[in-house]
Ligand SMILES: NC(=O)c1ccc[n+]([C@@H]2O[C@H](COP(=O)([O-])OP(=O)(O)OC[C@H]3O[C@@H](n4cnc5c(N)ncnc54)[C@H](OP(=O)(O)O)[C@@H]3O)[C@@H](O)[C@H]2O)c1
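Form predicted alone, single chain, as structure tokens, below.
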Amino acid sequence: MRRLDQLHGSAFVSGASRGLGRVFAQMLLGEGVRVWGTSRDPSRLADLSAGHPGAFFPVAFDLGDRENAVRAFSEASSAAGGGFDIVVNNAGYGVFGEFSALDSSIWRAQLEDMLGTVLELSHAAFRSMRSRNRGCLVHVSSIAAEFPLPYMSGYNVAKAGLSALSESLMFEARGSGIAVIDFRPGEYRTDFNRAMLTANPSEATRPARAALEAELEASPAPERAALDLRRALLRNRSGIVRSGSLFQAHIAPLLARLGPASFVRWATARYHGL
């Protein structure tokens, strides 16, 4: 069976201490790829370091501190030998609440972190890949880029922007040895919900929050996302990769392409208990 280390020797994975970032890092390590994984608290990566000595390297990293995040990436890139073969921009977070009830500083910070900082990291990664004419840049977006999640306006905008960035870079990568992957996961059974900030909860948001909790509990295990990413990396070509349940990854996007926008909005609202 073909392995990833036959194509790629090193990878950078942001947000590797939990959720999808964790299983992405574990998958890459299992494929023989050296991984630099980030967390705001590197001690949460201690088991990966201990279990993979000389192959996993923890990096202190916070999207909210752009200057230090870019510096940390640059230092890790140098330690990897002058650039990463794979860069997985995965780190992010959710904020749940009514747009009109949120202080603008909350969603502005989310956009600065999840779009502004990631854009800077992608710029550094893409320039490095350009200089070597090889590499794979992965943006972990979300199906929220196509089907916005109720009461998560900042998250929806950040993910849609990330997908737009991927599409832009796919044009620039044409004819080169660089692949750009817009990875759009649906809901997975992770601790994303527990880590999500809930701002100004109200009766209006209660049904949607309850539906989201139920959806996450019924979602597939995150290892499925790791398998989907592995297949995409082995193909080593640019494109959109949807990952999740059969409905979210295949049926819903098909209905969205075939049906009118008003129907898609109605179906999305029903799906989320609105």
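In this text, residue numbers run from 1 along the sequence as written. Owing to the predicted nature of the structure, the values given are computational and were not obtained by experimental measurement.
Omitted here: the form predicted in complex with the named molecule. The next part is about that form.
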Should Val88 be counted as a contact of the named molecule in the predicted complex, where contact means heavy atoms within 4.5 Å? no
Given that the partner is absent here, does Ser10 sit within 4.5 Å of the named molecule in the predicted complex, heavy atoms only? no
Quick one: does Ala16 come within 4.5 Å of the named molecule in the predicted complex, counting heavy atoms only? yes
Within 4.5 Å, heavy atoms only: does Cys136 come near the named molecule in the predicted complex? no
Tell me, please, which stretch of 32-40, 227-235, 46-54, 202-210 lies within 4.5 angstroms of the named molecule in the predicted complex when heavy atoms are compared? 32-40
Of Trp107, Phe192, Phe126, Phe147, the one that lies within 4.5 Å of the named molecule in the predicted complex (heavy atoms): Phe192
What residues in 136-160 sit within 4.5 Å of the named molecule in the predicted complex, counting heavy atoms only? Val140, Ser141, Ser142, Tyr155, Lys159
